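Take a look at this one chain, the form predicted on its own, written out in structure tokens.
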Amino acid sequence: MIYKDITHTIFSDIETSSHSDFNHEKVFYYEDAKVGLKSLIAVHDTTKGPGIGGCRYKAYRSYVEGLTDVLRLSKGMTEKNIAANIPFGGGKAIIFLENRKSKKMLESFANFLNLLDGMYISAQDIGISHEDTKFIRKFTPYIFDNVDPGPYTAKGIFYSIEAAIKFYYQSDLVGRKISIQGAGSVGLKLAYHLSNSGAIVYIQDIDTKKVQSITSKNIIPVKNALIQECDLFAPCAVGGILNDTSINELKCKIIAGGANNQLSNKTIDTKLYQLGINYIPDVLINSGGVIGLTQDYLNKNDLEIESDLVAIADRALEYMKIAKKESKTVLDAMGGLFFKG
């Protein structure tokens, strides 16, 4: 077993602190060869409380790609928690998908969490299910396993999309065309919320089985949600999809979705604005999951949680108004809201 604080060391041929996305408190590496586990945890900021964020079980082309992902995602969690006014910092974990996931692997990951002694609290994410978190919880207190965060994320995004359509189109959702990329626990739930409100929803997922069982006549499977003509495009799958090439294929006026780190780089925000597309930053509207996960920890009831989810859209609307008034992007309108660095 290998457990290392690699924050200010050279590991796997790269000095962690020299990485362009590094401005973190701690980065840890853990390896358990007996169960095929290789994992990274990045703790971005604990000023307001323990760093919280999900664990992603994913195939990476290299160690550096995995390090980049965990650094960016953990910083995004700090920003998301600030936006949602949640008393936690930001952190994230990844497990390199090099071996088949097993109970022994998950138990070993729990040991990794215990070694950090509460500095970071994990949760489910891509590749780690709600059932997995319940199993991990048997071996560590440092993981949220009380709810599936997906439906809470979807609800907050739904309210935000509703607000964006009303603001930019002076219209409700009836007859409006929404294109969703990703039919996971967030995207599919979002599709039903929108469909039930009268929107026409297009949806795509690389796993076609996820959309084959949809029965709503207002939810239409498509091959490429990004290029679908629509009023609003909702990325709810992987990050980095908005780049210099892809943004020229968009046929929408608004982007608002749940995927983390949708922009390949900050300049894309300005370029979208120049194309006449209003980008609502993911960190501003996809915090519903952490609101749901922390409800027991913060002793909140269902009515309080619903109010918090509505408040996500209220905050987003305020920044839309500022952006329009000052002729700038919503991201620029947010200004100093987030942790800088």
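In this text, residue numbers run from 1 along the sequence as written. These numbers come from a predicted model, not from an experiment.
Beyond what is shown, the protein has a form predicted together with a small molecule; the following relates to that form.
Worksheet entry | Contact of A183 with the small molecule in the predicted complex (heavy atom, 4.5 Å) | Heavy-atom contact with the small molecule at 4.5 Å: present for A183.
Discussion item. Is G289 part of the interface with the small molecule in the predicted complex - any heavy atom within 4.5 Å?
Written reply: So G289 counts as contacting the small molecule.
Item to complete: Could you confirm whether I200 comes within 4.5 Å of the small molecule in the predicted complex, counting heavy atoms only?
Response: Residue-level check for I200: no, no contact with the small molecule.
Worksheet item: Is V174 close to the small molecule in the predicted complex, meaning a heavy atom pair under 4.5 Å apart or at it?
Response: No - in the predicted complex, heavy atoms of V174 and the small molecule never come within 4.5 Å of each other.
Item to complete: Answer with one of I214, I268, V238, I227: the residue that has a non-hydrogen atom within 4.5 Å of the small molecule in the predicted complex.
Response: In short, V238.
Worksheet item: Of these, R72, K101, H193, K210, which has a heavy atom no more than 4.5 Å from the small molecule in the predicted complex?
Response: Here the answer is residue option K210.
Worksheet entry | Location of the small molecule contact in the predicted complex, chosen stretch of 102-110, 130-138, 82-90, 144-152 [non-hydrogen atom, 4.5 Å] | Of the options given, it is 144-152.
Worksheet item: Taking R56, G187 and G258 together, does each of them reach the small molecule in the predicted complex with some heavy atom inside 4.5 Å?
Response: Yes, all three are in contact.
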